[in-house]
Each structure stands twice: as C-alpha cells, then as structure tokens.
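As a starting point, one isolated chain is supplied in structure tokens, in the form predicted on its own.
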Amino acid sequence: MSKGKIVSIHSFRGGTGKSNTTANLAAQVALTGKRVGVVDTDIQSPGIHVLFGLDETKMGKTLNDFLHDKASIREVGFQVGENTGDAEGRAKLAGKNLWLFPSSIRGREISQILKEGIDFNRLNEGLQSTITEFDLDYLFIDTHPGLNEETLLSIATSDILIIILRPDNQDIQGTSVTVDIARSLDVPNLLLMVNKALPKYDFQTIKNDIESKFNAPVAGILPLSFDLADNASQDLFSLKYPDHAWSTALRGVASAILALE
C-alpha cells in the first residue's frame, strides 16, 4: 500500500454505536501489525477517548489545539500501545502501533468550536499529515452523526466509508441519503454495517434486504448485546471478550477493510 487509507465511520443518526465500533475496528487492525491512527472529528460531542482510557486529566494536546494552531499534529498523537493502562482488553495493544488523536472534552473549548466553527482546510491538512508523519497504513475517522461540513469533508477524503445503521426505519431512510451523497462524492469503497440487530432476527435475511436496498455490501451484522452495554465503554470489548458473538462479527468487518488493499 503506497499511502495510508482513510476509513471514515459514519451513521446518519446518533446512538448507533459508532465510537465503540471505530475504536474496536482500529484496535483489531492494529493487532494485525498495521500502523493505525484514530481521529475523533466529533468535536461537538467527543467520546472515543474514553474507550482508550483517557479522561480530561490524562489528555494532553488535542485536535482543538491543532485547529487553533497551538500544537502540531505530532504533539496531539497519543500512543495507545505505550499507554494501555490496566484494562484487560487494551493491554493486548501493548507494543502495537496505534495512535489516538483526541478532541477536547473541556466545555469552553467545545463552546469555542460551536461558536467559531471549524477551519476545514486546517482539519483536512491535519488528517493528511497524520498519515505522513506517523507513516500510517490506516487512519480511522470517528465522524459526527448526521450530515454537516466536517462529515462531508471526511466522506469526500475517504478511501473506505463504513456506514453504520440499525435495522430501524428511521436509520434506513437516513442511510439512504448518506449513501446517495457518498456516491455523488465518488467514495472508492462503500461498506454497510448493521449494529444492534436483535438476536431473534434472521441475519442473512437482514443482509440480503439491506444489500438489495442500497446496492452495497454489508460487511457485518452485529447483535444487540447487553454484555456490550454492561462494559460501559470501560475497555475495548472485542479485545476483552474475543469469543463473544459481537466481537466475532466485528472482526469480520475488520477483515473486509483489510481485504480492500
């Protein structure tokens, strides 16, 4: 692979499990020996840092500092493989090449972004320089749900776009809009992922229905899981419970990403 691939993870509506999925996919790809970055561009409501054991006290420089020219992208990168903490799942990432580029959780910095907006040229420059400066194979972007400017930017610069939806009519309608936009922006690879499917459903039927509706491949169907909810973002679920049905399905999505080389 000549240049790192940008993988955007998106959902039309909130609550689809986007951050959990992004963190776990990035971790699974890093476990295969790839150099992986994760950027939280959900600057209005950041959250993915929690899954990597970061809070306001442990967070150093953030994407917000980069956007306001107060830090280089090199200073923002948090090396997860050297800072796994005491969580059982994250401990499996020790020595792996995985960097997190977090957004600030400080209220005043979030309000500043809400008030002043985002410099999209600067954000795009940041995404591209993470790939070159850290020599990444994959850069995963956790996007803001819905469609706004930074989401459209990340979709437009994606090599791979994964749209997460629940088997729910509101999600399906919204996904239809996102798929149309992705196609108009000529995203090279579009994958769908169904999350929170009730285990009583026939997953093959869901897969067939959604693939025929959107004319796009479904890379995985992940079951609704009380165990995942019980984990409460304290650890990377697929690393802590590798044999769980949710983890197995998620690894299938990671394999689909790796297969697109």
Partner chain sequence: MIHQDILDFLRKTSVFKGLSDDLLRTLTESAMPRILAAGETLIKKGEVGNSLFIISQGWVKIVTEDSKGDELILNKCGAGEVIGEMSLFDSGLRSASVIALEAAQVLEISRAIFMDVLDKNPEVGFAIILSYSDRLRHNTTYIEKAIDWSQKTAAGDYSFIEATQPLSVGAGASDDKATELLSAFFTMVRKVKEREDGLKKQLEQLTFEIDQTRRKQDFEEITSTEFYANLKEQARTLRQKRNQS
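Numbering follows the first chain given and starts at 1. Note that the structure is predicted; figures quoted are calculated from it, not measured.
What comes next is about the form predicted together with the partner chain, which does not appear here.
- Comment: 212-220 is the region of 33-41, 61-69, 48-56, 212-220 lying near the partner chain in the predicted bound form, near meaning a non-hydrogen atom within 4.5 Å.
- Taking non-hydrogen atoms only, E149 approaches the partner chain to within 4.5 angstroms in the predicted bound form.
- Using a 4.5 angstroms threshold between heavy atoms, P167 counts as touching the partner chain in the predicted bound form.
- At least one heavy atom of S158 is located within 4.5 Å of the partner chain in the predicted bound form.
- A residue is said to contact a partner when one of its heavy atoms sits within 4.5 Å of a partner heavy atom; D180 meets this definition for the partner chain in the predicted bound form.
- Distance criterion of 4.5 Å from any heavy atom to the partner chain in the predicted bound form singles out L153 from the list L153, L93, V76, L191.
- Heavy atoms of every residue among N121, Q128 and I206 are located within 4.5 Å of the partner chain in the predicted bound form.
- Contact residues in stretch 186-202 (any heavy atom within 4.5 Å of the partner chain, taken in the predicted bound form) are D186, V187, P188, P199, K200, Y201, D202.
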